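The chain below stands alone, shown as structure tokens; this is the form predicted alone.
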Amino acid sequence: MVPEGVVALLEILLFPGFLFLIALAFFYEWVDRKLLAKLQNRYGPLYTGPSGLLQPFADFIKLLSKEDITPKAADKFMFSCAPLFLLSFPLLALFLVPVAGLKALISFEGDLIFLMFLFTLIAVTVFIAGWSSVSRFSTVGGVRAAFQMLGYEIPMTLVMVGPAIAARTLSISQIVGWQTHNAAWFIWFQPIGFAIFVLCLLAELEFIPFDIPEAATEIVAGWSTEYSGRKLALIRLGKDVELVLAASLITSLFLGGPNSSLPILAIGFFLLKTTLAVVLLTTLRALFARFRIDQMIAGAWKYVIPLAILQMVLIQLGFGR
């Protein structure tokens, strides 16, 4: 018999922990880039690996070998810490999401609230990364990220609480368990919440039309302009992991999660649903042009937040008794 401590360590390090999630992050970056290229009549990754499958990993290795430059005027401590936080926060959040069964690696009553807190920390870290660079482009990008957070964080929080109210629990694993037990997905009961959640995740991921903080045609690369080498590699990997997190949350909160306690079936359902979620996010990304920051915030406060509140009222009427 393998000791329980060894099993837990292998789960954290290998499957469904760090190694699996990072490999999945590289794969979903490839899916995103390949599909986006197809929708824009381009080739996308092509030569490195079958159909360019290994291109994201090759880009990561290439960045690790590049010169790592820190601007002389930058706040060196925060400038260096930000990439580590941008990778560690989404990885930690993924441990709260069921991947290979109905229960996540870390599960407790209230873990949904903790995950919301991690989302906020990611947005705050983006602002700190831009501000600590002491560059006009990075500062503008960081401030845009902070303002954008004011637009999408509130409605995203409201619609994430919707499934929790219906399942009467603040545990992501138990929300998945409720959908599995009742053979019902929350997307059917909360379509408005699902649409708002997808919209807010586009803003969280800085996907078009909400790539305002890093607008390449306006402010070079925004808050990440001054990053290079190993730091930029960690930032890009963190963004890939955040894409996995976004797809996993769509799956867990609205699509029933892994839907099985058997690891083989669970991981199959998880991969299928999260891949569909990535396809949805990428397709929406290809359909729109960038908003201005004032348009984004005004639209969120005038339309998205009222719709999120309406969704909460409907949930209370339908599941409150």
Partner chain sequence: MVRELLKHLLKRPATLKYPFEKRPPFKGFRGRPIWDMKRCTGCELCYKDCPSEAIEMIGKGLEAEFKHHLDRCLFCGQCEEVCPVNAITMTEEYELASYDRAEMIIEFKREEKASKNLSRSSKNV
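What you are looking at is a predicted structure, and each value in this text was computed from that prediction instead of being measured. Residue numbers count along the first chain shown, from 1.
A second form of this protein, the form predicted together with the partner chain, is not displayed here; the remarks below concern that form.
> For the interface check, one of 269-277, 248-256, 32-40, 54-62 should have non-hydrogen atoms within 4.5 Å of the partner chain in the predicted complex; which one?
Selected stretch: 32-40.
> With heavy atoms only and a cut-off of 4.5 Å, decide whether residue 70 touches the partner chain in the predicted complex.
Answer no; every heavy atom of residue 70 is more than 4.5 Å from the partner chain in the predicted complex.
> Given that the partner is absent here, does residue 264 sit within 4.5 Å of the partner chain in the predicted complex, heavy atoms only?
No, residue 264 is distant from the partner.
> Any of the heavy atoms of residue 283 lying within 4.5 Å of the partner chain in the predicted complex?
Yes, residue 283 lies within 4.5 Å of the partner chain in the predicted complex.
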